[in-house]
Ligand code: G3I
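One chain comes next, on its own, written out as structure tokens in the form predicted on its own.
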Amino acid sequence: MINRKMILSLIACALFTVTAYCQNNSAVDSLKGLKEVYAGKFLIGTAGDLKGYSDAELANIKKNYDILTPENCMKPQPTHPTEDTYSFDTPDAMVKWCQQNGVKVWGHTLVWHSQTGRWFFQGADGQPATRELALERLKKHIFTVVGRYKGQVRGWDVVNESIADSGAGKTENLRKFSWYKTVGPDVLTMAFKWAHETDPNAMLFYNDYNIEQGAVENNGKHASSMILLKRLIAEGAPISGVGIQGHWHLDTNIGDVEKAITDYASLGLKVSITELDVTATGSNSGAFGVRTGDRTIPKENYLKQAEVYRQLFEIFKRHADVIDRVTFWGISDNRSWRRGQDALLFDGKLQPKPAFNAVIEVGSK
């Protein structure tokens, strides 16, 4: 028979357990992986080529992410360094690992002004390539790369970063060099059509940074992106969605992010956050050469960072019907192109930061 003292002891223990759980709910939830918490809402992704990754890093990917974007190895320069040479060793190994470990793959990227061999734009005797020659080379590139991974990737960033940074948003404001000089604006539509012809089941996205900026006031790069996307749709480009890269910072205009999502959805497009990071110090735009900030980051910055991530994921969850995936650009602060700005959810030792707990808490509600 249980005596009165034992009953009181059991009640006290139960109260302590409940109180401890309530106080440490984020600690309990943090045992779950990101993909588990957001299952049924949208995919959670990360980026990396996986070459040289440790067992701990690979385990982190398997636990937390549904889908992987190759950070560099599927870009034009690495896969197609010269006209008669292709190099697929690294992306092949990455895709194989993903298949063996139940991780989906997103292809990145086919048409880009950067990390693309100059030979695409060179003709005979050092003269610039003609429009016809450049298009012939691009078509072959797309058919070869997309064809190799047909049925093995969920989709592709077909065109990357075609909109210039400056501009009032009155035109598409395409860059004035690379494909846009040699071929012209219709290169985007043709690239989408060739990618679709090669793999009809793949999702096809336009991807860019800062395209949320100006959404609330309908100006700037966002307004240009809307003009561009409407033109692609009108020309019959088989475009599935738009990728907002999401290279953000502590003072990012959250209102622009949400408005951009609803604007793109109004065009009948899916939306993905494709390269997410939020710097804990310094500026960040998606362009190289930005200020990295003080290497000694105050502790309160990590709390501010967590709050920005919280607000962002509240937006993503609110629009889960149009969000296809949210992909972080790296798995840790040491596996980040913003190294030194501590922009991701895990520190250099793969330990979760306050931002991780904030993202988990939003997904758990």
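Predicted model, so just to flag it, every value in this text is computed and none were measured. The numbering used is simple: start at 1 and walk along the sequence shown.
There is also a form predicted in complex with this ligand; it is not shown, and the following applies to it.
Within 4.5 Å of some heavy atom of this ligand in the model of the complex lies at least one heavy atom of residue 112. The closest heavy atom approach of residue 247 to this ligand in the model of the complex falls within 4.5 Å.
In the model of the complex, this ligand lies within 4.5 Å of some heavy atom of residue 275.
This ligand is not shown here, and in the model of the complex it never comes within 4.5 Å of any heavy atom of residue 302. Although the partner is absent from the chain shown here, none of 210, 253 and 313 has a heavy atom within 4.5 Å of this ligand in the model of the complex. Partner contact region in the model of the complex: 239-247, out of 239-247, 144-152, 79-87, 262-270, criterion any non-hydrogen atom within 4.5 Å of this ligand.
Contact with this ligand in the model of the complex, defined as a heavy atom within 4.5 Å, holds for exactly one of 172, 71, 258, 199, namely 71. Only one of the listed residues (65, 329, 42, 309) places a non-hydrogen atom within 4.5 angstroms of this ligand in the model of the complex, and that residue is 329. Contacts with this ligand in the model of the complex, taken as any heavy atom within 4.5 Å, map within 133-161 to 160, 161.
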